[in-house]
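We begin with a single chain expressed as structure tokens, specifically the form predicted on its own.
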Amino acid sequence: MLDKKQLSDIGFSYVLEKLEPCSPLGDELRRKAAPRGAGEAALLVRELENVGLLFDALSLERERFYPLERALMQLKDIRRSVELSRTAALSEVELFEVKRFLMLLDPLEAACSELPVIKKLHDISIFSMPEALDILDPDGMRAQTFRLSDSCSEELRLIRRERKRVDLALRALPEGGAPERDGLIAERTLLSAREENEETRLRAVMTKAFSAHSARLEELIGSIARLDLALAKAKLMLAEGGAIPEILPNRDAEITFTDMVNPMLRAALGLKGRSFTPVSVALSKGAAVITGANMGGKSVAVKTLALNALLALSGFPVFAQSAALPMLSGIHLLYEDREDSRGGLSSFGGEMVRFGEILSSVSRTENQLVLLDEFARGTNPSEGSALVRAAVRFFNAKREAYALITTHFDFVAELASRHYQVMGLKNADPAELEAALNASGESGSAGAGEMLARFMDYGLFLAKSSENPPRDALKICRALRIPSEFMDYVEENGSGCEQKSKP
């Protein structure tokens, strides 16, 4: 599975931060978001259906949800106190928090009753608990405080009556009269101790009575958390766009995403005045390949797929026009990470260690998504090409995983079940590109790079298996104003980086 840094790199952490649950209950579920296991397909489908139902309702009448959101915002997380009530007496503060929570269930239930969609949601039931509240508020005052009233026991009533008598006597004493004052103070101290003991006993009795309702309250808290998080997902979908993915029952079905975007990268591009090019991918069991020159968007496509597949399996809407996939037992992403030394290994050595771990995982468990970005580029081209070709053949032979491999090596796509190619500069008008670059600045400047990016088409298209990666590298070098003196040497060598035969 993906580690914390990879989750950040693909934009999953960004999406989680964009979610805004109203309560700490929903927020904890947000922080624990993770893909469902293979045996949880039905649960995942219900979660996604809930988000879809809430999205449809929000789209029609957004303002009708405001009372519900306000009610959710008032709630605090009392689960620790609820759990503790089974084994120990709650403190006065804890009983106050539980009582307040139970009181807030009334406006929450009222807000939900005004929204017909809530009754249609799976595994979510919102209700008040007056019987539990009556235990913590036996006088029925429903005050936003907690105090054991005199009616809780005759002993408590008598103690407090005596304390009141002593307090009045102390206030009535004239100046002086130290012996009498000392006696009254001693009596008050004794009464205070008796009152504290009686209150401790009553809190224990009250806690025990309340604990009989703790399991039901925990179920309700779970429903509230699921409702809050599903509502946050629907609001994010309303703000950012997206679709509810279809979870396919056939474990060998194709993975298909149409017009995917990555919201984190889209936002970063937007700051530069650029737009994100949607990516469409369909994968069957075995190995598919994406080819294209560096800077062409292969890595973006892979990370966008990783993000949206992970979102779908975690019960989120996906950032795509449509999506369908079976349950997956794991998602692996392998790319060069210069910050990961793997115990002093070279970047290539570290990559191979991680690749070995992926192969072991695939051999143990079927139905995994394996994404290899520029696999084996850290070694010489001949060996690198051999490794990539071997990876394609391996995943095609095993047929137990969905593999997508990006590469710029020749003679790899011909082995793949499907070959995608990045458009790159394929459709760029040479004259327009030349004119724009001439106006962008000097050789090697950031302006030239930015301008070149504007002409890049990062979309994917299905290419023939026999078609080798496009020859955009030299075009990019010239566009970036690499000195012609150097480029002459390249051309003298016949564009010598190109591979002439199969490795």
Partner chain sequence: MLYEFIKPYSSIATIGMCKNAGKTTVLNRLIGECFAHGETPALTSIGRDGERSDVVTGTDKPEIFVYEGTLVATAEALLTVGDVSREIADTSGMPTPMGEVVIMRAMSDGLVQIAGPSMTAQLRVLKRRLFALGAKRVFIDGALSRKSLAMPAVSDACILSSGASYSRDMNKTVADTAFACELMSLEGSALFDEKSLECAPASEKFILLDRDGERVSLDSAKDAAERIRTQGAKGLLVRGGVTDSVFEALFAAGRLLSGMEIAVEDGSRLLVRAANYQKLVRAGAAVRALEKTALAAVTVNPFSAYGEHYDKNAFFDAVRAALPAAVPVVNVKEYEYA
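Note that this is a predicted model, so its numbers are computed, not measured. Between two forms, the rigid core is the largest collection of C-alphas that superpose within 1.5 Å. Numbering follows the first chain given and starts at 1.
Another form exists, predicted in complex with its partner chain; not displayed. Remarks below refer to it.
The stretch in contact with its partner chain in the model of the complex, judged by heavy atoms within 4.5 Å, is 190-198, chosen from 212-220, 324-332, 357-365, 190-198. Between its partner chain and the residues Lys272, Arg161, Arg171, Arg80, the one pair within 4.5 Å by heavy atoms in the model of the complex involves Arg171. Checked against its partner chain in the model of the complex, the residues Thr87, Ser151, Ser382, Thr145 give one hit for a heavy atom within 4.5 Å, which is Thr145.
The closest non-hydrogen atom of Asp106 lies beyond 4.5 Å of its partner chain in the model of the complex.
For the chain shown alone, Asp167 is a contact residue for its partner chain in the model of the complex, at least one non-hydrogen atom being within 4.5 angstroms. Its partner chain in the model of the complex comes within 4.5 Å of a heavy atom belonging to Ser91.
At least one heavy atom of Glu97 is located within 4.5 Å of its partner chain in the model of the complex. Taking its partner chain as it sits in the model of the complex, the stretch 63-90 comes within 4.5 angstroms of it through a non-hydrogen atom at just one residue, Lys76. Once the cores line up, the CA of Leu184 ends up 2 angstroms or more apart between the shown form and the other one.
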